[in-house]
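As a starting point, one isolated chain is supplied in structure tokens, in the form predicted on its own.
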């Protein structure tokens, strides 16, 4: 049985939901998956020997990644590189097909520029707009970004752009990396 370690960063909860769905898909396909938030992995450590494959996931927040994503990578780069691995990001700009690819997603390209780790496998997922759940500051900032990218700006909008079938397929794909 292939064992996957999935570490993720989630600020508003949607990337955590994506991680859970990936984990469910791995389990449904006969694998085993330990899922842990990155901040827990930083402070509690990981049993790297228990995993055949490592997956790291993070949302794009205001055009970049949370500093803990890079801290986790810096502190664990050698262990990450010893295993088959994958990195995924979640961003609302990926709602556009041309920005939903590794090559077309400027935030994935930015990750590759900033990260010392070179994942062997990469994936981009579209995220979710959920204005009612966000603080006034997040709402304002994301509205500005949406205005620039021709996205929804209605403060009552809740739009999940994530292709959940694609998320499940990615979970099955991760098992093939072992």
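Residue numbers count along the first chain shown, from 1. Just so we're clear, the structure is a prediction, and the values are computed from it rather than from any experiment.
Missing here is the form predicted together with a small molecule; even so, the following discussion is about that form.
The candidate spot formed by 61, 107 and 134 lies fully in contact with the small molecule in the model of the complex, as each residue has a heavy atom within 4.5 Å of it. Although the partner is absent from this view, residue 119 stays clear of the small molecule in the model of the complex, with no non-hydrogen atom inside 4.5 angstroms.
Interface membership of residue 31, defined by any non-hydrogen atom within 4.5 Å of the small molecule in the model of the complex, is ruled out.
Although the partner is absent here, residue 145 lies within 4.5 Å of the small molecule in the model of the complex, judged by heavy atoms. Among heavy atoms of residue 138, some come within 4.5 Å of the small molecule in the model of the complex. Checking 20, 155, 11, 168 for any heavy atom within 4.5 Å of the small molecule in the model of the complex turns up a single hit: 11. Only one listed stretch (22 to 30, 41 to 49, 108 to 116, 62 to 70) carries heavy atoms within 4.5 Å of the small molecule in the model of the complex, and that stretch is 62 to 70.
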